[in-house]
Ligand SMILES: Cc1cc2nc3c(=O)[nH]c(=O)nc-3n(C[C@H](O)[C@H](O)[C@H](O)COP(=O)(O)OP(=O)(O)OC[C@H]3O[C@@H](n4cnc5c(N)ncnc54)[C@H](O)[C@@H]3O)c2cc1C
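There is one chain below, alone, in structure tokens, taken in the form predicted alone.
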């Protein structure tokens, strides 16, 4: 019988894999968005040997969907750019000793001999516990599915807001009605002519965000649907329908922010129990149906759940403390 993962101390090498040494981690965290990075920070505060894996770049939706967006409700910052918040979480996790690996996709989470074996597209890792914090998985922005959208993507059609410098002198039209869409419209409005188009009579964003929009120069088209995006080699205008009347809005940059399509098929491969929403079913302590595996962030759903960065961070805190109890088995647990 080989050495059991549960019997060894953190940082102790237990064998060889290829030409490298094999390490047993106290916790492997899957996902490097706000939830995953917070989990890593709390794991290191408990002196847990922590590995964070992400199939893409560190930052999750903060950097992939709205890097320029201002975040106004994260405690400690009156306003902070999404990209900068991600950078701060990343820097803190690294400074505390988290091992972070990007572009490494987890394919399997297998049961070992008193351990969990995490198999990725690059390596195999042994761990005493696992925390799943993959957000909405391999997500991609939802499309409007109108003429001109696919043809002009990258030629004026975008799903994220470029930097302010790239907006100067361009007419911007934003599509969406949530906090992200309005925040991005306000950013664009600070440097150029901006419009926002929403299909309903009311925005679904926070009241304070809507109030900021009302006090700006952004022109809002409510109860409006996108008919087409027009142009040959680049976007020249968009056609919308409002009250059965078509309106052409001169546009250089059409920004679409109407949500994301999630891909959470990995959860089925990991034998994780899902609820009716297709998200991870957890107990009050963020535990899943598999012993030693916990989950947090947008990938988790339960009655009363409200998807916010602060919610994800709070769940990550709980998940790590429970992973600590599972992995370390302190006398007081």
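Bear in mind that the values here come from a model prediction, so they are computed numbers and not experimental data. Numbering follows the first chain given and starts at 1.
What comes next is about the form predicted together with the named molecule, which is not displayed.
Looking at residue 55, you'd find a heavy atom of it within 4.5 angstroms of the named molecule in the predicted complex.
Proximity of residue 170 to the named molecule in the predicted complex: non-hydrogen atoms within 4.5 Å are absent; the residue sits far from the partner. Though the partner is left out of this view, residue 133 does reach within 4.5 Å of the named molecule in the predicted complex, counting heavy atoms only. In the predicted complex, at least one heavy atom of residue 180 sits within 4.5 Å of a heavy atom of the named molecule. Across the options 225-233, 186-194, 104-112, 90-98, residues that bring heavy atoms within 4.5 Å of the named molecule in the predicted complex belong to 104-112. The single contact residue among 32, 286, 280, 28, judged by any heavy atom lying within 4.5 Å of the named molecule in the predicted complex, is 32. In the predicted complex, 136, 137, 138, 139 are the residues of 136-164 with at least one heavy atom within 4.5 Å of the named molecule, listed from first to last.
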